[in-house]
Structure formats: structure tokens, C-alpha cells
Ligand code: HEC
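We begin with a single chain expressed as C-alpha cells, specifically the form predicted on its own.
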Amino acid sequence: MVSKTRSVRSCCTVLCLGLALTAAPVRADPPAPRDVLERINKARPADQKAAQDAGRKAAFFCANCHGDTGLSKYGEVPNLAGQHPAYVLGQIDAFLTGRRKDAFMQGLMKVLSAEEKAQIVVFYASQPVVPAGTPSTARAAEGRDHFEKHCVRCHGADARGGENFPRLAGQQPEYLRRSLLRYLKLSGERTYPPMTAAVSGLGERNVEAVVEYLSNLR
């Protein structure tokens, strides 16, 4: 009889432990920035506007270089206004993984949450683009021909890019110039073989014409 009682108690103990483990809350992994972005894109207009407003606040430190509305304060720093949000998230990840080299940007990206990253990119994507080019357009037509030959397949006929490729229309001339030459000369800051191939076909002597064309587009 004692043996039977002990057996029943053991079964009850195992059952209770099993129920306790089943009932224990499971901690979900934090959402990835792209998941947050997808949620924002599917949200009501009022919620999307709230996310953009939150992004403006979260981007207060970014504004020191990229400007309050994504129009850069410095020629060597890119405009973020009008950039595709998924593309910008991809660049954030590139800094975090070391595929893009910039110690300052790498450190800054580490302190942002997934929610903040997604909010920042939708804020910048919603901002109007103001061409950063100079009044001189002497070589713009020539640059357009080179762009259509070497760049249009990825960056689009209007140079506004997309999810996987950056918007180049209206971009800072100095930033465009530096980026193209970095790909051409394999300096290490930017690494993407298709870009190196495209810029090699373009040739260094034609870089300036393409820069002039792109920086004056809307």
C-alpha cells in the first residue's frame, strides 16, 4: 500500500512539473528592424505618421551630419532624404557587420534599437529631395549618357534606386565622387564587385560628368 501511494505521489509530482513548464512564458526574440519596417508599412496612415515622428526624434544625433530632414550638412556625407527605407536598413546592417567601414557609424548603429532603426529610415524616406548639385551643368548631358550605359540597370532610369540600390538623384556631388572613386580604386571603404565593374567601365575621366548629372536630378 505504501509503495502504491509513493507511486501515485511520484506521478502527481511529474505531472505538476510538466504543467508548470508548459505554463511558463516563453520569451520571444526581439523583432528584427525589417520586421518592424514591414509592420509600419502595413499600419494605418496615422500610425505611419506616428512612426515618422518618432523617427525624427530618434534621428536627433544623425541630424548633426545628415541634416534635420536628411539633407546633408557636409559634402562628403550622403543625403538620406527620399532614400528607400529597406535600402537604408541594409546599409545599417552593413556597418554593423563591417561590410562598410566607418568607425563612427559602426559605433552609432550599435546603440539604436530595432524599433528606432525602422522609425529613422521611414522618417528619412518621407522627406522631400532637394538637388545638391552645382549650377554648372556643362557635362550633365554627357553624364546622362554614361549613366544610362553603365548604371541604369540597377539604379533605375530616374536614378531613384529601390530596395537594393541607393537613390542617386540629387545626391551630394562630393559624396558621389568619393564613392565612385572608392569602388574604382578598391580602397576598402566600399566593397561590391558589380559596382567596381561598372565604374571601371565608366572610367575615372568620366566620373565628374556622371556626378554633375546625378547631383542635379530630383
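Computed from a predicted model, the values in this text were never measured in an experiment. The first residue of the shown sequence is 1; numbering continues from there.
The same protein also exists as the form predicted in complex with heme C (HEC); that form is not shown, yet it is the one meant from here on.
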Of the options A51, V36, A169, C151, which one has a non-hydrogen atom that comes within 4.5 Å of heme C (HEC) in the model of the complex?
-> C151
Which pick from L112, A132, A140, V122 sits with a heavy atom within 4.5 Å of heme C (HEC) in the model of the complex?
-> L112
Given heme C (HEC) in the model of the complex, answer whether the residues A32, D47 and A86 all have a heavy atom inside 4.5 Å of it.
-> no
Residue contact check: P78 to heme C (HEC) in the model of the complex, 4.5 Å heavy atom | yes
According to a 4.5 angstroms non-hydrogen atom cut-off, is I40 in contact with heme C (HEC) in the model of the complex?
-> no
Are any of the heavy atoms in A159 no more than 4.5 Å from a heavy atom of heme C (HEC) in the model of the complex?
-> no
Is S126 close enough to heme C (HEC) in the model of the complex to count, meaning some heavy atom within 4.5 Å?
-> no
Sequence order please: the residues of 93-130 with a heavy atom within 4.5 Å of heme C (HEC) in the model of the complex.
-> F95, R99, R100, D102, F104, M105, L108, M109, L112, I120
